[in-house]
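Listed next as structure tokens is one chain, alone, in the form predicted on its own.
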């Protein structure tokens, strides 16, 4: 079964990249846009540290690790999430979701992985460079980077699940673009360590909208500050949200009225 899905995924992504690369100028524009966004984020961080202020227990280089991981999430969103999950609304509006449901493959998989956009690659590259640069300044070992990979993947999975759940609500509320933009706005808080916010916001960004599990906790693991409980919590959250997204999608489909009915 896994081999079958992997073969379909390679076909999906190979076709999608070939189609997108017909517009190569877009890649240059995307790179410049990502670079501009990164410069803006660095400037915002510099405004704090340049004036002598320091986030609690976070040095400049350590905050750069958080910002680098946040940039990786931006790249992941632009590469996988936005191109696929934002189209769920269109599928419902135009009735083409009918054809997806008739395919001999998981509809959630098809809707989540059909497109791979290369326009998010610059953010993935810039984020990786920033984390490596900050780690070099801090003298991190290769093992430190590898130890952070699982929590980073768990963060990707959590973000995907949240985005998909919002996309699934288009079964009832066709126009949900504003809702996803609110989610993306809240996730912008992840560009800074969670210690940068007052206690009430830390609780909100940890237990309500789990921004801390996306950027701060993976950064702490890379920096050797992560606790086993946080690692387990990151894994548990990702698995729970993935299961919830699957169950919620099946529940939402009960209320879907196909274009042919």
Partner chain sequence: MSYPTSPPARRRPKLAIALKPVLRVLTITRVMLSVYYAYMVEYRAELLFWVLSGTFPLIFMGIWAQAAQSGQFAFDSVTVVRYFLSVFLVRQFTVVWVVWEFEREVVEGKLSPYLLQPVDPVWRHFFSHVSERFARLPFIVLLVALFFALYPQAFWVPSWGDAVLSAIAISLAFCLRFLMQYTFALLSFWTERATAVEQFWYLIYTFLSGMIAPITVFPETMQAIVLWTPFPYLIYFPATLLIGEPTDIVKGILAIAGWSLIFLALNRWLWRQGLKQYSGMGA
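Note that this is a predicted model, so its numbers are computed, not measured. Numbering follows the first chain given and starts at 1.
The same protein has a further form, the form predicted together with its partner chain, not shown here; the description that follows concerns it.
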Q) Can we say 119, 186 and 196 each have a non-hydrogen atom within 4.5 Å of its partner chain in the predicted bound form? A) yes
Q. So in the predicted bound form, does any heavy atom of residue 32 sit within 4.5 Å of its partner chain?
A. yes
Q) Does residue 182 make contact with its partner chain in the predicted bound form, using a 4.5 Å heavy atom cut-off? A) yes
Q) With a 4.5 Å heavy atom cut-off, would you call residue 224 a contact of its partner chain in the predicted bound form? A) no
**Q.** Partner proximity in the predicted bound form: residue 63 to its partner chain, non-hydrogen atom cutoff 4.5 Å
**A.** no
Q) Relative to its partner chain in the predicted bound form, which residues of 51-74 have a heavy atom no more than 4.5 Å away? A) 51, 52, 53, 55, 56
